[in-house]
Ligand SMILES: C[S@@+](CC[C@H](N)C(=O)[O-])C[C@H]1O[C@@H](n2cnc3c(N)ncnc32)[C@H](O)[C@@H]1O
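Just one chain is shown here, as structure tokens, and it is the form predicted alone.
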Amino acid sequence: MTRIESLLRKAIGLDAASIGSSMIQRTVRLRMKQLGLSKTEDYERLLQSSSTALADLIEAVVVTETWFFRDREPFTVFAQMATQWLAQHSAGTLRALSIPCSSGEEPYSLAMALLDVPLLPHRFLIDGVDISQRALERARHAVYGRNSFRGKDLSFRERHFRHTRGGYVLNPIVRQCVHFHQENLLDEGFLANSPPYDFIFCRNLLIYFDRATQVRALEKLHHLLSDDGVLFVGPAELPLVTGHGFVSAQLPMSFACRKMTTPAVTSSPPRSSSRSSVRSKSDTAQRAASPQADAPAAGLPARASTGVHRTPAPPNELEAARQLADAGRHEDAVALCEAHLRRSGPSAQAYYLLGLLSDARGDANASDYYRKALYLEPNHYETLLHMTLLLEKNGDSAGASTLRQRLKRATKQQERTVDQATRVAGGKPA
């Protein structure tokens, strides 16, 4: 059995301990029974000589547990940041990657999140990649059972699916937004000719790899991510990722990362992009608009102080609270926020973090925290966004509509400010 585990490690980087050797043994025995083999040695020889037999074993051991909008916060943050990106790149097409995409729930969730903003389909492109051909066939078929829909808020199902006897059929518009590919992240030529991605979702894959394979995978992801792109990983993977070429984007419970200023993992030259000059101008404009633009990134483009709130660099306590929340230590993060409020008095950022933490637990106090944050800073963009989503989830469509109007005004003000700063940076009169 050790040699079979070694074959799986070599083929897909699987660390047997991550899923348990007993699970692999059960899978091997089942495959041997299906093939009519009684000796493990015979099955080992078959795996070494037949790529089809190895592929079938890989299909059997790959973990495919997933559902739509699994962990809401990353999708909320993704939609928010995507809106910002597209506002600043009027002629650009946003590119997002979901790996592993399994049976399609994650990349389709990304597409639905953008369509619900609403964004037009031609403004973005989403690739879904997985090693499992069977999973990709299910993804392309796009008919799902009840197990793919979990959680309290299933309003998206009414908007984007049609209920039939055979299951929930995904709307063709959503299906056309996602392109699926069968590839192995560890292959030398993995997505070799792909332009860089602005957003990559690679959640709960690295935990199944051994350490050497994790480093190889991170090198690939680092190479595929644009210089100002965002990588989303699983909660348990954040400490690993931030130690290998990435830094936290400082967005609580989203487990989002950016590239380090000086790349530390990739040995290949940085990928060039036709969008780089546009991004460079945008960065210059933001620096001109705000003297705080060089402070540690808060995960969103900097907002100028004229009319639209830009979250200032938080005190050390709130920074630590963010990091605790990212690491899944929610109770510790709450305690730190409350201690900060006792010592320093009311703080919009502290109330916003408490709102997020309460929201994640389904705690009714979330709305109270958000309201306190908005009382202190009425244009606090992140709070406006999350309060809007909470009201929609709770069925308060009128309240959500009011906040959406405030969000639109804040976004328009931001765009005007950035445009003005761009003209100043370019030497033209504002």
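Source: prediction; values computed, not measured. In this text, residue numbers run from 1 along the sequence as written.
One more form of this protein, predicted in complex with this ligand, exists but is not displayed; see below.
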Just to confirm, residue 319 within 4.5 Å of this ligand in the predicted bound form by heavy atoms?
-> no
Wondering, does residue 245 line up within 4.5 Å of this ligand in the predicted bound form on heavy atoms?
-> no
Hey, in the predicted bound form, does residue 12 get a heavy atom within 4.5 angstroms of this ligand?
-> yes
Examine residue 204 and determine whether its closest non-hydrogen atom to this ligand in the predicted bound form is within 4.5 angstroms.
-> yes
Name the stretch: of 129-137, 336-344, 222-230, 146-154, exactly one has residues whose heavy atoms fall within 4.5 Å of this ligand in the predicted bound form.
-> 129-137
Pick from 385, 391, 62, 37: which has a non-hydrogen atom within 4.5 Å of this ligand in the predicted bound form?
-> 62
With this ligand left out of view, choose which of 367, 27, 379, 66 has a non-hydrogen atom within 4.5 angstroms of it in the predicted bound form.
-> 66
Using a 4.5 Å cut-off on heavy atoms, what residues in 183-215 are near this ligand in the predicted bound form?
-> 183, 184, 185, 186, 203, 204, 205, 208, 209
